[in-house]
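Coming up is one lone chain in structure tokens, specifically the form predicted on its own.
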């Protein structure tokens, strides 16, 4: 990786290596020489089979773990340059763990969302403003703010928990399987909120997901991990143009990509990069129209 920090990259993993229980008989290498750049104002998806190192990267980005080798750079500065300030890094790099609704604990939704901003030492006026704004982004109504979080539905709890992270205004928002267990409508609401937050605050968003459909629809860039190593990374159009490599990494390609591969086996080439239904429908319509005109010529 170039030593010159590119300002379009909000956070960077630079030659990062990490092992659990290093130097012991229980040592387990989780990541090996990983270099990744996460652009500001973009959504980057991290995909990989179980045990590929996804969760370790999430913990490294937020400073919950420290690399054994390499650096994590935030705005060009090593987040571990001053270990005493690592707590402040966690305000700047917000982490939404899988099933965050299980972490709700306050008496009201308002109190839960305000917990992080209050720890930041903000005054009551600013905290209240952030609570209302973040709740609105996540689709939590003001009438629900003074209810117990335990009275909400599962989807509402999830949105309230994510609003609590957004209220700290992190410059980097990291979400581990944010739509796990939700129905299609619930997934759409969650990802819509994440995209809205990114646009309003020019944040870098990092999403870990097993769903390649979610990656295809919502991510700009994708990184694919395999056994602690970086297998692929780049724009999603480039990643989905190599479905064989995704399958090799133990991932399911989007169903529409699988359909396009089957069509190609039958001599119908839709495109070299198929990953959403709408895109495929447009390509097929154009292809059929072209064939119709050729037949009638």
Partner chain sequence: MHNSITLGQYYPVKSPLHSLDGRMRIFVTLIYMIMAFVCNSAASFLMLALFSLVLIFISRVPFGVIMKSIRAILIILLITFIMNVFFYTSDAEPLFEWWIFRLYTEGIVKAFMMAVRITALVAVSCLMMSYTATPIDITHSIEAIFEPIKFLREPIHSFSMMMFIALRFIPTLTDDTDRILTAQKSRGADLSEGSLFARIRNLTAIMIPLFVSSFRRADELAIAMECRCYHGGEGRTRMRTLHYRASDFVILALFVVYAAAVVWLNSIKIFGY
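These numbers come from a predicted model, not from an experiment. Numbering follows the first chain given and starts at 1.
Keep in mind the form predicted in complex with its partner chain is missing from the figure; the text below concerns it.
> Pick from 114-122, 197-205, 135-143, 72-80: which stretch has a heavy atom within 4.5 Å of its partner chain in the model of the complex?
Replying inline: Only one stretch passes the 4.5 Å heavy-atom test: 114-122.
> Which residue among 148, 128, 103, 188 has a heavy atom within 4.5 angstroms of its partner chain in the model of the complex?
Replying inline: In short, 103.
> residue 168 near its partner chain in the model of the complex, any heavy atom under 4.5 Å?
Replying inline: It does: once its partner chain is placed as it appears in the model of the complex, residue 168 has a heavy atom within 4.5 Å of it.
>> I'd like to check something about residue 236: if you look in the model of the complex, is any of its heavy atoms closer than or equal to 4.5 Å to a heavy atom of its partner chain?
In response: Result no; residue 236 lies far from its partner chain in the model of the complex.
> Counting only non-hydrogen atoms and a 4.5 angstroms cut-off, does residue 172 reach its partner chain in the model of the complex?
Replying inline: Contact check for residue 172: no, nothing within 4.5 Å of its partner chain in the model of the complex.
> Should residue 245 be counted as a contact of its partner chain in the model of the complex, where contact means heavy atoms within 4.5 Å?
Replying inline: Residue-level check for residue 245: no, no contact with its partner chain.
> Can you tell me which residues in 50-68 come within 4.5 angstroms of its partner chain in the model of the complex, by heavy atoms?
Replying inline: Going through 50-68 in order - heavy atoms within 4.5 Å of its partner chain in the model of the complex - the hits are 59, 62, 64.
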